[in-house]
Ligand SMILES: Nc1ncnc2c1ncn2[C@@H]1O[C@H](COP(=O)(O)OP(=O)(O)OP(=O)(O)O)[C@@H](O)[C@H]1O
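Next up: a single chain in structure tokens, the form predicted on its own.
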Amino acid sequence: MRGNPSLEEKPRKQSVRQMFADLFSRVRPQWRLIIIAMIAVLFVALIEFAIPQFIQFTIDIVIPEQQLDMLGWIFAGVIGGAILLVGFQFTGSYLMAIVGQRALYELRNDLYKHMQHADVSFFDRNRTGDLMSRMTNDVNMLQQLLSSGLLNLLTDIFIFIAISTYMFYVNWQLATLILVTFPLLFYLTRYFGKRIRKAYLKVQGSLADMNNHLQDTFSGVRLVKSFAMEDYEAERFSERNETNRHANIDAAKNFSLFGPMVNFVNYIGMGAVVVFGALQTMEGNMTVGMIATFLVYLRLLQNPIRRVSRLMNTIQQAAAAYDRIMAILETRPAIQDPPSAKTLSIKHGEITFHDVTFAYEETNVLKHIDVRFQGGKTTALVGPSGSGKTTITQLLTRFYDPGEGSITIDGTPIDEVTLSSLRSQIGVVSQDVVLVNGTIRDNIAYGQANACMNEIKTAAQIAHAEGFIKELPDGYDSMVGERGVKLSGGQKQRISIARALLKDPKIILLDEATSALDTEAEKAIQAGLAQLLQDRTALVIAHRLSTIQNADHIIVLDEGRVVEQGTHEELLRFNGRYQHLHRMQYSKQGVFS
């Protein structure tokens, strides 16, 4: 089985233009809010452009002519403009926040849905902490850009256009002198932008590594404590935290140098305005008020440049996060419905493996398996650990596809039917029980949202689970805790059996379904299992041979091959591998008895 490479490898670099194009396509449905926000931004630019005109009017007219009565109007005009500025800035900022949140809501949903439809091998290759980091931290980086960064960018564009036009209208020589510094600013932005983005890729990667460690140690806290490894794990976390610290310092170094360099170039422009403007004033081509206004406009013109320097930090953080997000969205599942997939209809439930070979990475797990599982009968799979028993069940549910050969149900190849129609008719009870953090009722009815309470209780009774459920304070509404931590191993397994019973599938896969039960509970469940397996095709994996002696057929696997098959009595007479396993198991029981 070979799939896409691990996400931990360096993601393919996306251009900033691609990122903005993708984000724009996601915000486009909110065009009404965007138009209103842009109108608000336009008014912000106009007001910021208008306020400095009061300064020129005051210096050139009010002061020389001592028009004291105009001071009150000028003050009112400035305050009025400031009030309008607050209102329009709030409107633009709030509406863009709504637009950004809706876009990120859809992106996060798309990302989660894409991962839910990924094949099992995708999760084999990638660590849970890294996937969680991409779902949360990386998407949050884009949130900063959409919520505030784009609004500031739009505002700065309008202000830049308005002020540049005015400056060229008043004095094109001085305006040209100022704008000469802009190519240098553009070069600095490009140069530092690449370095900052590379640095933030390392930051995001180190953060994902920390999340991986947290997920491993928190979920395995009992293992850590049972081996007294708290200090060891704390040291390992400290190492990852140190890597993250260095990555952030490297990013901060580049950003901290970028800002002062931009300011240095801006001061060159300011010096040009002061010197050249003074010469123009001495020659009578400009007034003192015009110079003052030019300096204010220059400051307003430089503010977008300063904000762009800060925005560049946000953009490069978002770009690094976008690379990691797209690494997931560009991954295509190796197992999916074929274009002409049909719905599987199971009548007899006869399963056939036709010369099936399967390898995980480079290791052969199954080798040329040719077996038939009779419909409506119970077939047991036995053999030593690693012989390929569980792999057969995972191929049947199409968690993986065989490298060679094919698998059919009632003569229909399973890779020609929809995954939903295949898996909806297969019930699985595994030795590794997975419970969601909800109530017992939620866990039994998982996947069967329309199940009524009577059906849930009936399934629990057959699985011999109702006894302990009734003893719980809240009965079926009792919380099981994360991964079912509030229940014993046997209780969790009985919940899993009840869940399979409620599903009422055509095919049942029992992978060590009673391994966590004591002898008394196992015997009590056998009657329920017999009812579950009746008239259904069942594949039962068991290490305890006593649990499968009544199976209709037994297949013995060893090193990925079928070495024997028959009934319990037939295999004992063969004096082969099965008899060897039987003799070893019962001799061990004799020793411990």
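Sequential numbering from 1, following the sequence displayed. These figures come from a predicted structure and were not determined experimentally.
One more form of this protein, predicted in complex with the ligand, exists but is not displayed; see below.
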Contact test in the predicted bound form: H543 vs the ligand, heavy atoms, 4.5 Å: yes
So, in the predicted bound form, is S387 in contact with the ligand at a 4.5 angstroms heavy atom limit? yes
4.5 angstroms heavy atom contact with the ligand in the predicted bound form for T391: yes
Quick one: is D250 in contact with the ligand in the predicted bound form, heavy atoms, 4.5 Å cut-off? no
Just one of 228 to 236, 361 to 369, 288 to 296, 334 to 342 has residues with a heavy atom within 4.5 Å of the ligand in the predicted bound form, so point it out. 361 to 369
Tell me, which of E471, D432, E330, D124 has a heavy atom within 4.5 angstroms of the ligand in the predicted bound form? D124
Contact residue in the predicted bound form, chosen from F258, Y400, F373, F88 - any heavy atom within 4.5 Å of the ligand: Y400
